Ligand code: MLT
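The data below hold one chain only, encoded as structure tokens and taken in the form predicted on its own.
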């Protein structure tokens, strides 16, 4: 009989987003008349903008003509999209087009980039954090079993993001080989300042570490002291891989297109010799990745046209305004809330003596409002819930009204 990967058994038996969905379905089954409002949704709710849709349709039409048909695409992505990204995002930051790798979702790259590194690498993960950072390394075998007492996987360095440090992670005292950072952070909504990023780059340079920098929500950054790219920090091209997505900035959650930047002077040790990561990731992609479909890449490139930029900027402005509306609304009720300025998420502290699942349940059962319990993102997420600004404005307004009506009972 074939043997399964034993490290799969270390994973939790459920993905906590599924648990949220099951609890919502259970309430609906109990009370079919209940109208649930989803204020926790991490998916965009608005359709593609007209110019992007036109590019997608045009690319699809090309596939029906033998003169413009495209078969297998290059594993690194079409040059036209990589050039568009270069000039649209990294001009004057020392990045070249052949250091950009097009992929089918930031989540996939964040899970798979760890394949480049030795199994005995010491991993640092911020807490709270998007679950894939940790789970990918659990499955790879870099952790010991879950410790109920410590509420963490032993063998992983946990880097807490706490209220007292404005949810900005502080470099640990020990050496980590590979560190996952996310700015703006999902779920807290906190964006790393230039000073904090400088500290992390200096740490990585000193310890010869690699930073996996998740910038999936960088388009939401408005604070002038928060860089949108880690490559704005001198020395970062020697220590950082940046991962970005078109999902939350341009509505690509249903199309799946993202990219990672791997500078050629980013190095790690292989058999005692300093070795560039770039060639190995390209080799990995050549073997394992089948490229993003041509029409989708053409649609992504249209983001960087004048028309696309105007449409995306307008769409982002709507979500940003909704995030501030949500943040202000919760604060006006007396809640302590964070985020909502540089990210589409609001990180709301639970009422005193109520844990995150308890607050989630009260919101669900009494207000019929769905949130996301912070504990699902890690131990340091306890005592918070995440709200999202992606819901339609009328749903956000109705959701806040319902929460206000139960505040006195919490």
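Positions refer to the first chain, counted from 1. Quick caveat: nothing in here was measured; it's all calculated off a predicted structure.
One more form of this protein exists, namely the form predicted together with D-malate (MLT); it is left out here, but the text below deals with it.
Taken together, 17, 217 and 248 are fully in contact with D-malate (MLT) in the predicted bound form: each brings a heavy atom within 4.5 Å. Contact check for residue 59: no non-hydrogen atom falls within 4.5 Å of D-malate (MLT) in the predicted bound form. A residue is said to contact a partner when one of its heavy atoms sits within 4.5 Å of a partner heavy atom; residue 42 meets this definition for D-malate (MLT) in the predicted bound form. For the chain shown alone, residue 130 is a contact residue for D-malate (MLT) in the predicted bound form, at least one non-hydrogen atom being within 4.5 angstroms. Of the heavy atoms in residue 107, some are within 4.5 Å of D-malate (MLT) in the predicted bound form. The single contact residue among 236, 137, 186, 258, judged by any heavy atom lying within 4.5 Å of D-malate (MLT) in the predicted bound form, is 186.
Of the candidate stretches 348-356, 34-42, 48-56, 361-369, only 34-42 has residues whose heavy atoms lie within 4.5 Å of D-malate (MLT) in the predicted bound form. In the predicted bound form, not one residue of 308-338 has a heavy atom within 4.5 Å of D-malate (MLT).
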